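Take a look at this single chain, the form predicted alone, given in structure tokens.
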């Protein structure tokens, strides 16, 4: 079951943006600094490589007591026993994913409009990843920035937790929380920083103050 508190500071991995640092070591630094949930994104990896990385991260996140979410690949999530799955608008439809995943795995859905958010909620999403809130180069498929007004509109109409993602950093994280999001998701704002642990600590401090 999803605990909304686990969504406070949500790290999405990217080996390129980790600047050559081993992803497991980067994740451990980030969690030590205050990350509360980890999503493994591996768009370019083969299925075997994705599985092996996921298996190693699963052991790490279990030791650190944070949930592991797998992006897109339900088969990998099931194979490694991940707590969660995250799917986008062009991935496996949520009802089909839910049928295969069962009730023990929580599922998040990406949304960029009120209509997408409401549909995901109706179909049983456990949380929403809304964005890109701000312009970002971390995700090639992020699309046009939705902005704080649309984020706030989505937060106002759904009952499930919302996480703001896309271009979120120490300068604007507080505004995302004030718009109604329960937490923020970060990629380069943590992984591309010279001190990963400190970057996570700073973001977590901002979140805690605004909440």
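Numbering follows the first chain given and starts at 1. Predicted model, so just to flag it, every value in this text is computed and none were measured.
There is also a form predicted together with a further copy of the same chain; it is not shown, and the following applies to it.
Novice: Spell it out for me: taking a further copy of the same chain in the predicted complex, does every residue among 51, 92 and 100 have a heavy atom no farther than 4.5 Å from it?
Specialist: Affirmative, all three are within 4.5 Å.
Novice: Which single stretch, out of 23-31, 39-47, 148-156, 167-175, brings residue heavy atoms within 4.5 Å of a further copy of the same chain in the predicted complex?
Specialist: Checking each option against the 4.5 Å cut-off leaves 39-47.
Novice: Give a yes/no on whether residue 88 approaches a further copy of the same chain to within 4.5 Å in the predicted complex, heavy atoms considered.
Specialist: Residue 88: yes, in contact with a further copy of the same chain in the predicted complex.
Novice: Is residue 115 a contact residue for a further copy of the same chain in the predicted complex, using a 4.5 Å heavy atom cut-off?
Specialist: Contact with a further copy of the same chain, no.
Novice: Please check if residue 126 has a heavy atom lying within 4.5 Å of any heavy atom of a further copy of the same chain in the predicted complex.
Specialist: No - in the predicted complex, heavy atoms of residue 126 and a further copy of the same chain never come within 4.5 Å of each other.
Novice: Since only the chain is shown here, I'm wondering whether residue 72 would be in contact with a further copy of the same chain in the predicted complex (any heavy atom pair within 4.5 Å).
Specialist: Looking in the predicted complex, residue contacts with a further copy of the same chain include residue 72, since a heavy atom lies within 4.5 Å.
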